[in-house]
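Given next are two forms of a protein chain, the same chain in both, each as structure tokens and marked structure 1 or structure 2.
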Structure 1
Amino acid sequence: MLATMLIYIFGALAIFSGLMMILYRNPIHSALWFGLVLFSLAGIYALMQAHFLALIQILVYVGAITVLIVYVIALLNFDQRDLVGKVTILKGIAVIVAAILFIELLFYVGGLYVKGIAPPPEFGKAANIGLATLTRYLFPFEVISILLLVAVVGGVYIAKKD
């Protein structure tokens, strides 16, 4: 009962932090809200008995990735007025895609909740994660790394001064 309540609390914190990350205009504040989203996800992993995933979430994502994002934002030192007219159409497309993905997520989570599916006992073990990442999911792993590289290059391009 307590674990279920804590999962709901961490989930609400993640949703609230995600909204604050989107709504804040200051990119440093948005990056810090992003860190809180990742930290609340680590709490959910810990409550699901996936302690390795929770630890990696805190060390790699909350620690390293959030610090890297803050460092890049500080290094670019761009002005808010530079971004006003550059990406107006892309913002609209991004909102539409985000809404579609959110609706799909609601259908997926709703279906799992109705079925009552529990994670398997080997969920979150380090050996299983490494084996799956480097065998069955190697191609999606590499595609995601290229996608992240493109996102970083796109962010630098948007933020650079003309």
Structure 2
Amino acid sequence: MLATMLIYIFGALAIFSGLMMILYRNPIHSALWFGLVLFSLAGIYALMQAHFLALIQILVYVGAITVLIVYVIALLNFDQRDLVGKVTILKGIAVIVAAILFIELLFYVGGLYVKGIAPPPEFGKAANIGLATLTRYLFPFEVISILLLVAVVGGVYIAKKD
């Protein structure tokens, strides 16, 4: 019961932070709100017996990605005038379309009822995930590592001064 309540609290926090993230003008602020979203989600992961994932979420997402984004924003040091947003008709329509999409998705999700089963206690441990990754999901794992390698090389190549 406590877990359920905590999930709802973390969820509300994540949604609130997400809204703040897209509403704030300054990308630095947005990035910090983004970090908060990730923290909240890590909490939900932990409550759902995905401890390893929660750890990765904090280490990789919050610790690496968010920090990297903040760092690049500070590095580029762009003109504050860029931050002045314009409200256009298209943006209004975009919000309406997004709202329609939301309602449509609710129709799909609302129709589901997931009961779920109780997983074994070792579920979500690093050993367990590592076993699955390196046996059944070895091929996707290898593919994603190649992708990562390509991204690293590509990122360096694109960003370097020529």
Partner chain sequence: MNNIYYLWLIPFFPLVGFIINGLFGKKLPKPVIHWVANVAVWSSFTVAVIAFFDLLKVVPGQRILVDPVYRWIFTGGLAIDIKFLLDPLSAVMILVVTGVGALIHVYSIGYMHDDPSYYRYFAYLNLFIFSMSILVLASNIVLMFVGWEGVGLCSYLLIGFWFEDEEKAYAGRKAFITNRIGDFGFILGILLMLVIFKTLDFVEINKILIYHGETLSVTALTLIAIFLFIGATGKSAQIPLYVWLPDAMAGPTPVSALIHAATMVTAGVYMIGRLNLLYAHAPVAMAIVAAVAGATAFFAATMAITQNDIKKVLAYSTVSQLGYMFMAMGVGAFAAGIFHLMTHAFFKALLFLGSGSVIHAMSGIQDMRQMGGLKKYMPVTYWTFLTATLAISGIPPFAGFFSKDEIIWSSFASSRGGVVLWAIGVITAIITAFYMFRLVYMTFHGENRSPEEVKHHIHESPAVMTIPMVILAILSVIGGWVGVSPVIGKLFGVENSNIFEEFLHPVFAHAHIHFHHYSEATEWWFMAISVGGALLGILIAFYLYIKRTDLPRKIALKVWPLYKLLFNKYYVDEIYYYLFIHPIYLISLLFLWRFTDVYVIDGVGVNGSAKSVRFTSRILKYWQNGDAQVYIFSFVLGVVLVLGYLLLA
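Structure 1's sequence is the ruler for residue numbers, which start at 1. Not measured: the values here are computed from a predicted model. In this text, the rigid core denotes the largest set of C-alpha atoms whose superposition between the two forms falls within 1.5 Å.
- The second of the two structures is the form predicted in complex with its partner chain.
- Once the rigid core is overlaid between structure 1 and structure 2, residue 49 does not reach a Cα shift of 2 Å, moving by less than that.
- In the core-superposed comparison between structure 1 and structure 2, residue 105 has its Cα shifted by at least 2 Å.
- After superposing the rigid core, the C-alpha of residue 151 moves by 2 Å or more between structure 1 and structure 2.
- Aligning the rigid core leaves the CA of residue 124 displaced by 3.9 Å between structure 1 and structure 2.
- On the core-superposed pair, the CA position of residue 137 changes by 7.6 Å between structure 1 and structure 2.
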